[in-house]
Structures are given as C-alpha cells and as structure tokens.
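Shown here is one chain on its own, the form predicted on its own, set out as structure tokens.
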Amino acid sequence: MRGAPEESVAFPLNTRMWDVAPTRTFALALHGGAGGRIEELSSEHRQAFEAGLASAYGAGIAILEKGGSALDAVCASVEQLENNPLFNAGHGAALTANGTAELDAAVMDGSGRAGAVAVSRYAKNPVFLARSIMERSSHVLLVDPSEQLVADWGHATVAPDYFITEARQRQLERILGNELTAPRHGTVGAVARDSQGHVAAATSTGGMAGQDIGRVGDTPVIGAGTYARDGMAAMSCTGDGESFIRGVVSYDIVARMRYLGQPLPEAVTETIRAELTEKNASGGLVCVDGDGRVVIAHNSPTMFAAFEQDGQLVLLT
C-alpha cells in the first residue's frame, strides 16, 4: 500500500522565536513536535501535554543540576517522551501506511560522536539504542536492527505492537481516507549544555503518519534533524522531514555560526527562511549554543516545547 500524498502547506509560514539568555552554567530545552493546524486542545488534553513536557524537562534538568552530562540529560528527557503515548515517538508513534510502527532516533554529543537508528521495531526506547550505536559500535547509522542485537546490548525489547495505540490507528484511518486535516508529523527531541561546557542533542520519532514502508525522515540523518558541536550549538528538529534533509538544516545553522560568525538566533532565522519558508516547508527546532543560550523557533502553526525563561518553566502547547 502506498502512503498518503504529502500534505500541502496552506497556512502562512510566519516564524516565531524565543531567545533566552543563559542564567546558569547549564541549560536544557526540549520539544514534542511541530505541525499544521490542529483542533483546539481541550483544557484536559492541554494539561496532559503540558504534564508530559514538564515530566520530560524535569528528568533532564535533574541530571544537569547534579553536574551530569548533557548527553545523559537529553537521553533522559527523550526517554520520558518516548514512553508517553501523547507524543509521536516510542509508545504512541505514528503508523506507516500498512499500520506498523517504524521508529527513528539519533543522539550526538559535542565531541562529534553520533549514533542513529532507522526503522527500529523492537527497542522500547530507540534513543538508548541510538546511543549504544554511538558508544558500542564503529557505525553511525543502523537500519532495522534485529531484536537479538537490541537485547545483546542490554536494552528492553518489546513486541512491535507495543508502539501501536488506538489514537494512532484512528489518525491513520483519517489520513488514508483523505481527511488531510489530521496532523501527520511529529517528533520529540532535547538539547542541553552541561556545566562542563559540552552540548548534546537527541531526537526520536515514529515518522510521518501514513508514510511508505521503509521511509526514513530527517531525525536519524546527522546534520539534518540532529546535530551538536561543542563551542557552537546543539539542535533537534521537527517538521517536514524531507525538507530538513534537503536543506541539511541543523548543520546549516552551525555552519552559519562557524563560518559567517552569526549568533545562534540569526543563524536559526536565516536557515528557516532559506531552507523551509522559501520552499513552502514547515517545522521547528530547539537549540542551545556553547554559552547556554537557548533558542526555540518554528514557522509551523503549532509546536510543543519546554524551556526555562527568567527562572520559570515555559511550556508551549
């Protein structure tokens, strides 16, 4: 069965940005996905999404407050989001055109190490599998790893139907029925700078609802949906994956900083304009630079995110 056609972008692409100066020696920001127009969230649903974002933020910031690494922090935050069926990652992932779940994830730290997995079917938390690829193999990207490999590396394994929820099945039915008002995209991710000055990023997704079997988006493509470089920045992206791949979006931002000397907010603005908005593509990202400055930006109508500003936790839903 072929996947549903790509949803056309019919809304104004106006970039929104939050630029947060560092107030501590460490910083964390995370996202729960960006997308097109969705039905107004009920108060109950909004509270559930906000609780999920807050829980994920709490898991990561607790590590940083104890002097832990940026890599540990982003993985802890993403783990929480993968376990929450509200978000398109892990349990509750978007489904392919034939109703199965094919998960992607990536991690990268500021030293240049990276690991990624595509079409993951058995790892309960793909973010940890991606980290093991980085730390325990000579590879960067593995596709469709076996259940045995996941178990051999000490990760919890699950049956493929663990990832499937009734809500995602209903979403797929609407999409395959050409009700394209249903949101199709979604990704989770986190970025951090630790008190030692290192940065890291982690991203995880179920992909695009109704996608063709074997489709891989930007999440596990280092430099597209995930990137980190000490002294520069770390970022995790969400949105129209193919456009993030074509524009090498996360690396393009760092390249602007590295070679043009642009500060993070300017680099983000210019990349979103050139690689997304001018190409009628939408999405968003969370970033942190080498000094702990946090930038959250999106040109999509919606984006879920969590970060601190003026000592207070900010939740975008």
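In this text, residue numbers run from 1 along the sequence as written. Quick caveat: nothing in here was measured; it's all calculated off a predicted structure.
Only in words, not in the display: the form predicted together with aspartic acid, which the text now covers.
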*Can Thr238 be called a contact residue for aspartic acid in the predicted complex at 4.5 Å between heavy atoms?*
yes
*So in the predicted complex, does Val117 come within 4.5 Å of aspartic acid, heavy atom to heavy atom?*
no
_Given that aspartic acid is not shown alongside this chain, does Thr219 nevertheless sit within 4.5 Å of it in the predicted complex, heavy atom to heavy atom?_
yes
*Non-hydrogen atom contact Ala200 with aspartic acid in the predicted complex at 4.5 angstroms*: no
*Name the stretch, out of 202 to 210, 78 to 86, 164 to 172, 129 to 137, where some heavy atom lies within 4.5 Å of aspartic acid in the predicted complex.*
202 to 210
*Listed residue (Arg215, His155, His91, Arg121) with a non-hydrogen atom within 4.5 angstroms of aspartic acid in the predicted complex*: Arg215
